[in-house]
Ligand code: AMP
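Presented as structure tokens, the chain that follows is alone, the form predicted alone.
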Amino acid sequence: MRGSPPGWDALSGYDQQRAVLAVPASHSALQLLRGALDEKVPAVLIATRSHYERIYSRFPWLYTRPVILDSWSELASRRVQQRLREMNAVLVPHGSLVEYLGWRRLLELEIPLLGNRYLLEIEADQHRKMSLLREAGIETPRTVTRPEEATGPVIVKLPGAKGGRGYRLATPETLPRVLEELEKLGYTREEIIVQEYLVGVRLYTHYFHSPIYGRVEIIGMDTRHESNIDGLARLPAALQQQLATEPTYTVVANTPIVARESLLATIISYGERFAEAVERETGHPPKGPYSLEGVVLEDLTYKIFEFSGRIVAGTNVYTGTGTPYTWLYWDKPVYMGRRIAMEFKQAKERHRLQDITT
């Protein structure tokens, strides 16, 4: 695990009562901004000029002020970091920011991050990711370490927060060719992970670890629509063969989903065990949103093939309406963006921002 920059205190010089949420554009920015508005929490939008002009300039009431960048790499500059620190800004990381800026530069930012920044480093490494899940006692698909170990269909995954882009389905016969092609594209064998392909219902569960309330909450669940595998699945087998199209797994959209109630015992246990394992591994709990992403098999086994150590875009489906689970905790419409703002607001009022940031 990498440490913080030498001699650096995330909240040094901060006025906690004047802290603001800093929300990067893209991914889940609109619900984060809407959540801050619902809770009357000041929010700063960070956006590249193209993102701002094409989308976020249409919704000026959602944020206190914008910080416009020429490129995402500018966020790592001393000038922009100093400007955000003068605002007492706490940055909310999400998948697009991880992909745009890279986890290494995110770890090095001298701006407090809401959540556990060290978890982002593990998330970027497919092998460390699966090792952490297993250490938590969570059921996972079998990992294929050598092509000759494949006994059926497998999925080949790339490192980073790519939303499924570049993932490949393979058979025992085609796996060596797929690995060779990816290596020619610059990926090393150590970066790639090969897992058995699980047939079942995809269930992505959204959790929130609350240091303020001392608990792990289920926020919601979603399933994802991927191109072009979803379109191919609707075609008769004969037509699929005629098209001879390789399936791809780029996430395009999300749909809310509710698991059968008997699965909740497993789902709750997984979320709590994961939080405990993260604290053992990094020295910090998740401190906010995370997701366990998997498949429920016919025997109702829930196998987790991925995790995201920050907010996921699947939570966007509940913006403004809340989820069936947050109603149980709060008796009002709470979605992930609002839940983050609620925790941030409570931490500010109790002078506990250090408990929800790294």
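Numbering starts at 1 and follows the sequence shown. Values in this document were obtained by computation on a predicted structure and should not be read as measured data.
Note that the form predicted in complex with this ligand isn't included here; everything after this is about it.
- This ligand is not shown here, but in the model of the complex it comes within 4.5 Å of a heavy atom of Phe305.
- Taking the partner from elsewhere, Glu196 is found to have a heavy atom lying within 4.5 Å of this ligand in the model of the complex.
- In the model of the complex, at least one heavy atom of Arg224 sits within 4.5 Å of this ligand.
- Under a 4.5 angstroms non-hydrogen atom cutoff, this ligand in the model of the complex has Lys157 among its neighbouring residues.
- Although the partner is absent from the chain shown here, Tyr167, Arg202 and Glu293 each have a heavy atom within 4.5 Å of this ligand in the model of the complex.
- Residues within 4.5 angstroms of this ligand in the model of the complex, judged by any non-hydrogen atom, belong to 202-210 and to none of the other stretches in 70-78, 268-276, 100-108, 202-210.
- When this ligand is considered in the model of the complex, only one residue from Pro141, Pro256, Pro147, Pro247 comes within 4.5 Å through any heavy atom, namely Pro141.
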